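Heads up, the chain below is alone and in the form predicted on its own; it's given as structure tokens.
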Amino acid sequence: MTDLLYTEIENDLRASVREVLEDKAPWTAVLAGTEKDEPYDAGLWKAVAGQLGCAGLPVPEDLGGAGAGWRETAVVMEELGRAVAPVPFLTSSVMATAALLAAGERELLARLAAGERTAVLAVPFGTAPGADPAADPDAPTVSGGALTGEVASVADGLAADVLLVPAGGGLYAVDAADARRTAVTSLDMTRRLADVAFGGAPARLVAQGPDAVRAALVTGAALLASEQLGIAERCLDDTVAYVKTRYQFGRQIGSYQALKHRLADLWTAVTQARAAARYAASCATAGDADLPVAAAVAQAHCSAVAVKAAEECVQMHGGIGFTWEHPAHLYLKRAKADSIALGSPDRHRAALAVLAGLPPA
């Protein structure tokens, strides 16, 4: 049976990442960043990816990485979720890295692991595991090493140095400077979307067939659950702390039974989400054949838990929870955006039914 408990190494990693985030990405700084034009916090990314070495955690040592695994990477995702950190970790250090690992790419992978470059899988952020974007009739086309076409709603598309584009039955690497990227209005301004257009951009074949893209999507979905877990835990912790100190009618509002019940239910849901997210990360680390099932279960559950936790955080904070000057809206926006990223909960439940061999309803 898979051990879902955190190891000492994982706890030490968590402490290091949290210390950096508390210093460089307090919620006030994250909020201020949403009002700027920069697509991500470059200073924070340098600290997390380069100085801490988190970008190279799942990359083998002979390829320039730390030789850890997706479980350790998932711990980082939890902490980044807690802080709603505006860095391209999911898109570059998880999804793009998973694609390059599956493709056997070495040069670009080493630069990603070192935090020297960022790469993004150029697919709509709502693309679910199991999809083959290159087979879409509207997918970009490649001819003579030149890529043409458009991709809408690419997460962190503005932050990427390299775009990994599914096209022509394979996966191609394109220098982001050779593409036209247009910012689009994003609900979650800590992870911005962009429409990307290619007009004969030079493209290098990275992988033939759909396997690399599918690896990126299923690994991304599995580890996105850890980010959602981090959001839910942060919302629960902040809300419990608040109801212990907020007084109404001469008593702590946390002493009212109705709120106690809601928070107890939320704690139970978060605990279940932790088990689902940890199992998905463990399957990714082991290369377990159960990964598609684990990712579908984790996404179907953790998406709803993160949204519910954020909604309760807003509501139980009362009037202050609805204001721009409180971080609750940052958590809610990230949770809502994550709930439709890499497939909606309904899409994952439908996929799970197919994977489990259940007859259609």
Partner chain sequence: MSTAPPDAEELGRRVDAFLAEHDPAATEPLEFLRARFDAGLAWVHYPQGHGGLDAPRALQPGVDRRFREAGAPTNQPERNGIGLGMAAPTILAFGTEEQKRRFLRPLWTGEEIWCQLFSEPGAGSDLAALGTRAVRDGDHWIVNGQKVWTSMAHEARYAILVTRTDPDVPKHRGMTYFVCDMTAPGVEVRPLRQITGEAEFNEVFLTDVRIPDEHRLGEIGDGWRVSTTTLMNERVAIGGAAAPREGGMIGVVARLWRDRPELRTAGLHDALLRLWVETEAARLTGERLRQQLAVGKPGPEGSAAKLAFADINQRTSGLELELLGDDGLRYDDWTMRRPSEVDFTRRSPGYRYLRAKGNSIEGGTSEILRNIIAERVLGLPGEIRVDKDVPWKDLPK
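Numbering follows the first chain given and starts at 1. Treat the numbers as computed from the prediction; the structure is a model and nothing was measured.
One more form of this protein, predicted in complex with the partner chain, exists but is not displayed; see below.
Worksheet item: So which of 208, 182, 272, 141 reaches within 4.5 angstroms of the partner chain in the predicted complex, heavy atom to heavy atom?
Response: Of 208, 182, 272, 141, the residue with a heavy atom within 4.5 Å of the partner chain in the predicted complex is 272.
Item to complete: Using heavy atoms only and a 4.5 Å cut-off, determine which of 68, 300, 328, 44 is in contact with the partner chain in the predicted complex.
Response: Exactly one residue meets the criterion: 300.
Discussion item. For a quick test of understanding: in the predicted complex, does each of 4, 255 and 264 have a heavy atom within 4.5 Å of the partner chain?
Written reply: The answer is yes: all three residues contact the partner (heavy atom, 4.5 Å cut-off).
Worksheet item: Counting only non-hydrogen atoms and a 4.5 angstroms cut-off, does residue 52 reach the partner chain in the predicted complex?
Response: No, no contact at 4.5 Å.
Worksheet item: If you check in the predicted complex, is residue 276 within 4.5 Å of the partner chain, heavy atoms only?
Response: Contact with the partner chain, yes.
Worksheet item: Should residue 24 be counted as a contact of the partner chain in the predicted complex, where contact means heavy atoms within 4.5 Å?
Response: Judged by the heavy-atom cut-off of 4.5 Å, residue 24 is well away from the partner chain in the predicted complex.
Item to complete: Report yes if any heavy atom of residue 240 sits within 4.5 Å of a heavy atom of the partner chain in the predicted complex; otherwise report no.
Response: Close contact exists here: in the predicted complex, residue 240 approaches the partner chain to within 4.5 Å, heavy atoms only.
Worksheet item: For the chain seen here without its partner, which of 329-337, 292-300, 55-63, 33-41 has a heavy atom within 4.5 Å of the partner chain in the predicted complex?
Response: Checking each option against the 4.5 Å cut-off leaves 292-300.
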